[in-house]
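Single chain ahead, by itself, as structure tokens, in the form predicted alone.
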Amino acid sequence: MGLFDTTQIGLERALSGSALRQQAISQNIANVNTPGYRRQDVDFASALHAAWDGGQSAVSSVNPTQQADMSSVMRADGSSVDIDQEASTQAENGLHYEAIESVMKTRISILKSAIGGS
């Protein structure tokens, strides 16, 4: 087992995905009144879950990407951004980010303790 196992790499990929999702949400909020704008989203969780059984190399190869949400409903002005939904998604994503960050900090603290650091 290496210093950084599949779980650590998965946490790093999830943190990157959550950060990218936050950017997409911010972009959506900024374009709420832009006619023809299609809502953007990042679905990294399903890619991570699918890669998990493939081990460390499969998890390492997961690269979250921003994509247009084709399932969202277009408003009369041509935008598909629902500001209430974006606020809710932003709050949820923030909680996910904080949870992942907390787990990573705990794992690093345990690792430091194991190698004799404080």
Partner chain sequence: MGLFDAIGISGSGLTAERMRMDVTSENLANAETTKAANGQPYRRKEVVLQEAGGAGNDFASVLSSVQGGGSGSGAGVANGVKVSGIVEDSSPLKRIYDPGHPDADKNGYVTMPNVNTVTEMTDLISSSRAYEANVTAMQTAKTMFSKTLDLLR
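Small disclaimer: the values here were computed from a predicted structure and weren't measured. Positions refer to the first chain, counted from 1.
Separately, the form predicted in complex with its partner chain exists; it is not shown, and the next lines address it.
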* Spell it out for me: taking its partner chain in the model of the complex, does every residue among Asn31, Asn63 and Ile83 have a heavy atom no farther than 4.5 Å from it? => yes
* Asked: Can Gly55 be called a contact residue for its partner chain in the model of the complex at 4.5 Å between heavy atoms?
  -> no
* To do: Mark Ile110 yes when one of its heavy atoms lies within 4.5 Å of a heavy atom of its partner chain in the model of the complex, and no otherwise.
  => no
* Asked: Does at least one non-hydrogen atom of Gly78 fall within 4.5 angstroms of its partner chain in the model of the complex?
  -> no
* Asked: With the cut-off set at 4.5 Å between non-hydrogen atoms, does Ser72 touch its partner chain in the model of the complex?
  -> no
